[in-house]
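Let's start with one chain on its own, the form predicted alone, as structure tokens.
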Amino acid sequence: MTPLEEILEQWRNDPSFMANVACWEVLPEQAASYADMPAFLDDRLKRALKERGIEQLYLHQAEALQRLQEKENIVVVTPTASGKTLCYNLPVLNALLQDHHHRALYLFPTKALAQDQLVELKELAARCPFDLRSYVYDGDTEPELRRAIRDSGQVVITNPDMLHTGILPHHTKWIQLFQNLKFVVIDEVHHYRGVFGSHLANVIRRLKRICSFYGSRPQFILCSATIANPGELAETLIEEPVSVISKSGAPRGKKHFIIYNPPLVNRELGIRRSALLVSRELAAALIKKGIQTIVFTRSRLGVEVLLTYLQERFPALPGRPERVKGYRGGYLPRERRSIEEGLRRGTIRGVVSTNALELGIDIGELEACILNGYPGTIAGTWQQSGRAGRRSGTSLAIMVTASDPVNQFIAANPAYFWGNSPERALINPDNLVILTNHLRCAAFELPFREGEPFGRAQVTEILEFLEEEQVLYRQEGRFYWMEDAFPAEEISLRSATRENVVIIDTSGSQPQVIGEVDRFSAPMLVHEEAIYIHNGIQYQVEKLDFPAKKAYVRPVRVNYFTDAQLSVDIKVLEVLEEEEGAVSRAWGEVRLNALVALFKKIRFNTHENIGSGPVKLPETEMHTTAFWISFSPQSLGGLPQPAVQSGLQGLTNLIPQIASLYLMSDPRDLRAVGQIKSPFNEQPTLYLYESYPGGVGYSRELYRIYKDIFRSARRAVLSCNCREGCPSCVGPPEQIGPGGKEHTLALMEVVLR
């Protein structure tokens, strides 16, 4: 029996441990499914694979090569560590071995992953042998290397942001790449959803437009974690047909998956023991047994706190390396490479990480993984838990749930995980704000012909609007760029609007920009005295200069976060789809007038309110999309108005969080407001509106799946142990009023009848 099997047996027989286990599933081992090497694969590449001990390909790898050989675009959707990298490296190297003029462009969401993939690609090429000219091109690339990469790089590895600002606007310097571009690889596709994905789809439109100008038409190779709609997402991103390859041929060892819900310490308030402290105890027990373990936390701060605890438990011995290390953004590249190597060699027995190690960076095959809190999506959960697991032998993944509604829903409904993911990644490339911004970028890169589409979007009216605004001028049937400004540098791929508030850290000798938030979110997130958390580091806002769009902050260490009270007036502008009845539902375009007047200080872990303060900022306006449900008097069956008000408040607290499970979104992407008498229809109405100008498609999807969300929300409330309401379900009684839990359930029943 291995040490891991021993500790699993010990836990199975420990009643105090099992009392908190919400679910213990054992995924059986799976044998590999192989296919012969394709005949069209270059012999040098076959020999290189044989030297690495690969004489056959997994089924999904062979299928990927065959589909690409038939000139199809593909998306590969198989588990972590299933060999997806070869699905794109083999066809790219095969093409280059046959014609060294071919070019390939790789897009990865992080710099660390790009560097890791460069090493993998070069190692395989060196075995061919083939002098591959492959480079990473990002913000860290040395200036003297950049010209060589532009002129002779056969495989250029970059990220969407660098493609957007550093490559496409300067396409005249990249003629060799665009004239000969054969493959575009987009890895970790499930990351490109919501606003980020909507931006990337427009970046791809610009890329294809430039390729067409230079006479190339690349094939696309996309890879994703498991989501419900990989084909739909891939086709929306590239606007071309895509073949989905989802049946994995890779082997898998036996895996134990445990959902552990910490014990209640206050049943009335719904407060449980800290997930961080429980994760510390579980990790210490595994590392003490010599089991190589990774712990994922949601923030930089969580990494450093948990790392401190574990290093105190396992101090470094004289003359020997530390057994437990941290890994997050902010570490120097050399330090990260050293940690990765230590994990592969086994000298590091424990690592505490943000989701930086969730991606496919090579860290060997760990035995155990602890997730400190639900990662936010099922795809992310399987990505993180997949970092532990050998192709033979037993592995373990434990998710330790926190006290918030989403985590408690997972603990109460573990069946949510098993089977296919219900999450659909949604994007809206034709969001008017995002589309207009990228049209500006595209017009800077190449003039537009009259009537020329932009991908599948018809954009004549927008081009004429930009002409009226004197951004473009028209001459002989073409629209030309006429501003001095460089448009791509003004546009963040993480925000819908260009009007962002810049966040400036004033604590050092030189003020430093550390981030930005969109103008509509700024009053809630960076008002004066707000605690702004950036990569897990806490900052207090000293001053918000709203007209100048600048927030000045300094680092602090406090045990609370802030939550602004937003007063929203919502007006329906256009109903795009509706279904009338005793309970009516609709989605459409709305105008929001938002005013932040008050903020609260909320203690970490317990969510206690420990203070408040005023916010003095002007009202903001935003046009977006929303989904809403209205209750007719007969549907409420005589429920008194205070009860309806209380129930609407409970739905406002709970529904956006549960909806995020289905929409693969951050809970902050959706906000809710309840009106006891809506000016639009004079009925009690719950509005769920998107936090981005123009919306990205969540409202339309909510209209389609709202009953699934309400059923899950009802299960979350019924499974909560509190009596009157708590932060783990509908909200605390002092916020929603007496009987709030009962009233919220009553409105849910009305919706589901």
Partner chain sequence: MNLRSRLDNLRRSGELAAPRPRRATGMGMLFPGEEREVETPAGPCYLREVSFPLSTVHGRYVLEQVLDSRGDRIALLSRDPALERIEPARSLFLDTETTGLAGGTGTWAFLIGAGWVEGNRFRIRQYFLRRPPEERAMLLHFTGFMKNFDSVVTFNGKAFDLPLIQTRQILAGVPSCAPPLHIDLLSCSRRLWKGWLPSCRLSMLESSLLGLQRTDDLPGHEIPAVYFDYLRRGHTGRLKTVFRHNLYDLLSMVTLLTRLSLNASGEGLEHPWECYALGRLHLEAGQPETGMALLRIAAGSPDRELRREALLHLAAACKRASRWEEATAAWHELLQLENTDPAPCLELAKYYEHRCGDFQAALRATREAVLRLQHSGRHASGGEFSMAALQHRIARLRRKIERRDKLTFPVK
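Computed from a predicted model, the values in this text were never measured in an experiment. Residue numbers count along the first chain shown, from 1.
Not pictured, yet referred to below: the form predicted in complex with the partner chain.
Site residues His170, Gln475 and Glu483 are all in contact with the partner chain in the predicted complex, judged by any heavy atom within 4.5 Å.
Of the candidate stretches 337-345, 170-178, 83-91, 242-250, only 170-178 has residues whose heavy atoms lie within 4.5 Å of the partner chain in the predicted complex.
This chain appears without its partner; in the predicted complex, the one residue of Pro693, Gly697, Pro727, Pro684 with a heavy atom within 4.5 Å of the partner chain is Pro693. In summary, among the residues Ala228, Leu432, Leu566, Ala285, the only one with a non-hydrogen atom within 4.5 Å of the partner chain in the predicted complex is Leu432. Residue contact check for Lys208: none of its heavy atoms lie within 4.5 Å of the partner chain in the predicted complex. Proximity of Met622 to the partner chain in the predicted complex falls within the 4.5 Å heavy atom cutoff. Residue contact with the partner chain in the predicted complex: Glu461 places a heavy atom within 4.5 Å of it. The closest non-hydrogen atom of Leu446 lies within 4.5 Å of the partner chain in the predicted complex.
Residues are counted as partner-facing when one of their heavy atoms sits within 4.5 Å of the partner chain in the predicted complex; in 546-575 these are Leu573, Glu574, in sequence order.
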